[in-house]
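Only one chain is shown below, in structure tokens, and it's the form predicted alone.
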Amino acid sequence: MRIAGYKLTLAKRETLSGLQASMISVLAVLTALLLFSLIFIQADVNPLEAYKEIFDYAFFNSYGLPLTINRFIFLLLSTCAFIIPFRAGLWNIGMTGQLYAGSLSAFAVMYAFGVKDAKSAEYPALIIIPLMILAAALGAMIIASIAGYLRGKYNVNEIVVTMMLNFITFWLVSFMIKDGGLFMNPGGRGESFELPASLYAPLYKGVPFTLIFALGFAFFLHWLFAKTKLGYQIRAYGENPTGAEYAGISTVRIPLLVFIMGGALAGLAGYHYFAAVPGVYKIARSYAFLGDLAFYGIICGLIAQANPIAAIPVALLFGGLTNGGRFVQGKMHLGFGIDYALLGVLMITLVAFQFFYRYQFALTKAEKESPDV
């Protein structure tokens, strides 16, 4: 295309710096907010006022910020649970089932210690809480390992297996917390018993200690993929499984290992939400919502280009918008689902802008055409 003596061409990028990737992401976010402004305008709401309310509540309000941080922790753990198998070329669609399994395993520890309600009995927190965390990770690892083993040993599609496991664990949770299940609330409600106060996850200024898990594992995974032999083997398998096998990398071990690692983080996400978020402290009857929320980990992982460090701001943004969007929906009397609509526009725009991670427009001076003789 020629523009005023210049030629506009589309060229494939040779390299992409971290600053360039960040600028593209920022531009994508601004574009999404601009597009969503049309919905606010249609609802007779000033977009600038609406966005101010969203971000003020999500990131600066004394009530909204803790909610954002808790949602951020959950999303970052779910995102890392997706990224680990994805770096091996595999799709973990089973974070939902894995976090359900982790949650049930954590509650099984309490049940084994005789915890069946939220009465004021004192329990040995220094023993039970670490066991709950360990059980949550192990329970999710066992479920996730099924998909990893079947993929590595028999080349069974991991997407199909993880989706099936999601349904199985969903109904297993229902069986355990309803209609006389072992973890049913003593009051007869279709939800689990509540944690006693002595087993609440430790908080520091309203923030659960699971924030250390989320950030720590994100940085650990970055180091793992960039600096270790195992990280190289995972990346090699993801780029070319046949070539990796020829180089001596086990095509059974790697799928099993990445799903076990991803499952452990999904299990920790389940522990965080049901045992560390103030005001929850139980498997609520609306637990399916949490399973749906785990799928945002897939979107965050893809937007972050499977980079655990880049996933941190992405998960924080999504965590803030889910809370801020819900708040402004009520305050400004907007239609139900405005928060999901905002996230949907943001996701579509961020994914579309990934095109510019690989291609760029170049503007060069056009050569003058020689006249025909």
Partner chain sequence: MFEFFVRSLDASTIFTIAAIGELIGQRSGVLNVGVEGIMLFGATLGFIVAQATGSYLLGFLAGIAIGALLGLLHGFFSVTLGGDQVVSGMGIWIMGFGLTTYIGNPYTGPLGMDRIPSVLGLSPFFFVGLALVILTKFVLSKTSLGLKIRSVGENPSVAEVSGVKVAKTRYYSSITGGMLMGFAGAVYALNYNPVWNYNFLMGWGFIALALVFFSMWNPYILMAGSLLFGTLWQLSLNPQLVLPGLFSRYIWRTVPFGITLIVLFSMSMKWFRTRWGAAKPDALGQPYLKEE
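As the structure is a prediction and not an experimental result, all values here were calculated from the model. Numbering follows the first chain given and starts at 1.
FYI, the form predicted together with its partner chain isn't displayed, but the following is about it.
- Checking Leu150, Val277, Ile133, Leu199 against its partner chain in the predicted complex, a heavy atom within 4.5 Å turns up for just one residue: Leu150.
- The partner is absent here; in the predicted complex, the one residue of Val156, Ile142, Leu211, Ala118 having a heavy atom within 4.5 Å of its partner chain is Val156.
- By the criterion of a heavy atom within 4.5 Å, Glu122 is excluded from the residues contacting its partner chain in the predicted complex.
- In the predicted complex, at least one heavy atom of Leu343 sits within 4.5 Å of its partner chain.
- Remark: Gln354 counts among the residues lining its partner chain in the predicted complex, judged by a heavy atom distance of 4.5 Å or less.
- With a 4.5 Å cutoff on heavy atoms, Ala43 counts as touching its partner chain in the predicted complex.
- Looking at its partner chain in the predicted complex, residues Ile93, Ala288 and Phe295 each place a heavy atom within 4.5 Å of it.
- The stretch among 264-272, 173-181, 199-207, 251-259 whose residues place heavy atoms within 4.5 Å of its partner chain in the predicted complex is 173-181.
- Residues are counted as partner-facing when one of their heavy atoms sits within 4.5 Å of its partner chain in the predicted complex; in 318-341 these are Gly335, Phe336, Gly337, Ile338, Tyr340, Ala341, in sequence order.
- In the predicted complex, the Cα atoms of Leu350 and Trp91 sit 3 Å or more nearer to each other than they do here.
- Between the C-alpha atoms of Thr162 and Gly344, a gap narrowed by no less than 3 Å is obtained in the predicted complex, as opposed to the form on display.
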